[in-house]
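In structure tokens, one chain follows: the form predicted on its own.
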Amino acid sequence: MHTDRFKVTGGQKLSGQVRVSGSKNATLPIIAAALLTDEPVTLTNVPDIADIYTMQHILKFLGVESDFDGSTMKIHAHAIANVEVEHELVSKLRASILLLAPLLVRNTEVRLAFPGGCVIGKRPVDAHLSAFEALGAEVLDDKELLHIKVDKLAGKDFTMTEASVTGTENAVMAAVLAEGKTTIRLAASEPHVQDMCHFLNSMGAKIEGIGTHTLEITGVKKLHGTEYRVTSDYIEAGTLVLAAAITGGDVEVLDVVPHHLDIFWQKLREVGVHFELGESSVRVLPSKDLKPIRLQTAVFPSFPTDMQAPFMTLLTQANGKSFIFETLFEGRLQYLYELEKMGLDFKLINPYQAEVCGPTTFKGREVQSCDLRAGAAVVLAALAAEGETIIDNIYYIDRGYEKLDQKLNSLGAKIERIK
């Protein structure tokens, strides 16, 4: 665990142009899906973040060749070792759960320790296991690890137990090489799920209904190698837009897929932020007199849970009371206590709901990043704060945002990385 911190000098208006990196949440399932073929795969627009290196470390343990130069990743899974993937390897990376399907498909058996990752409440694995069972796998009872076996995967019409993103991704990876036709209902439809499906189709899979909650998959005998460009990160795009808005800046954010953020743009308008959408960019203009709103998270295409903390930080600058309802993860509002140290007035109604009173004049303090998106929230507050803010635990931020400090500094922020 590295112990870097950020020292942020607030009060700078951001201006200029900044480019969004490839999506972390698309790259990780795509890396897992690359293991479904024994032919070489090349991925471009891969973000240079800690989670990618952690995943690469697990690939090495499985005997899979991979090479990553900071934006292009080459993967060649000639064969995959049928070994137990230990807790120490998967404890840092929640997305390692995505290895269940490819390991099961390639080896007819998988033994994987329960994965770790961000501290944002319980994330059960039932959705994954019931999908595998629907496709003909046997889940063996083991308290210590996930142990699944299968003779032959067979297509089936089934409904997910919830619209789980990684659960849907695992179900799709298992179904593309299953015999016959599979229909997955209540499938998650987030942009990163869509991107993994497009990637699999580029390898010869037959997936229809991409972007909807019902996926129809015709199993194929074999998948081939491919070259694929990962989609841009809509959560990072949203975070950069919010950084411009909270500092009253004038910033153009490039490499955006606007329709990935339809509900986000709607909420920004409601708050009173001025912006202009282009085909693959957005320009944020200085805005005054922000209005309070009610913000509720839900599965795509509703408001994304990963944007809740950064967006809430903007709402601290609105004139009046805003209400936040986090419907997906308990424990996701803990960052409000960090913002309270900087001057926020809020009321936690229960673990899922809070009321925030604005406008807040943030004062620089020593705070910490409690999880990846909470980390982005405290960075945004620090940009708007008077004086200097020290942010601890930026390990979380580095896990999911590529060079966030450098990107913001290129727009005029003053963020120093200190050991």
Ligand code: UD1
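The numbering used is simple: start at 1 and walk along the sequence shown. The structure presented is a predicted model; accordingly, all values stated were derived computationally and were not measured.
What comes next is about the form predicted together with this ligand, which is not displayed.
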Let me know the one among Q317, S130, N107, T305 whose heavy atoms come within 4.5 Å of this ligand in the predicted complex, would you? T305
Contacting member of L153, C197, A95, I324, with respect to this ligand in the predicted complex [4.5 Å, heavy atom]: A95
One stretch from 262-270, 87-95, 201-209, 130-138 that, in the predicted complex, holds residues within 4.5 Å of this ligand by heavy atom: 87-95
Is there a heavy atom of D250 no more than 4.5 Å from a heavy atom of this ligand in the predicted complex? no
Answer with yes or no whether G180 is in contact with this ligand in the predicted complex, where contact means some heavy atom within 4.5 Å. no
Considering only heavy atoms, tell me if F329 and this ligand come within 4.5 Å of each other in the predicted complex. yes
Partner contact for V299 in the predicted complex: this ligand, 4.5 angstroms, heavy atom: yes
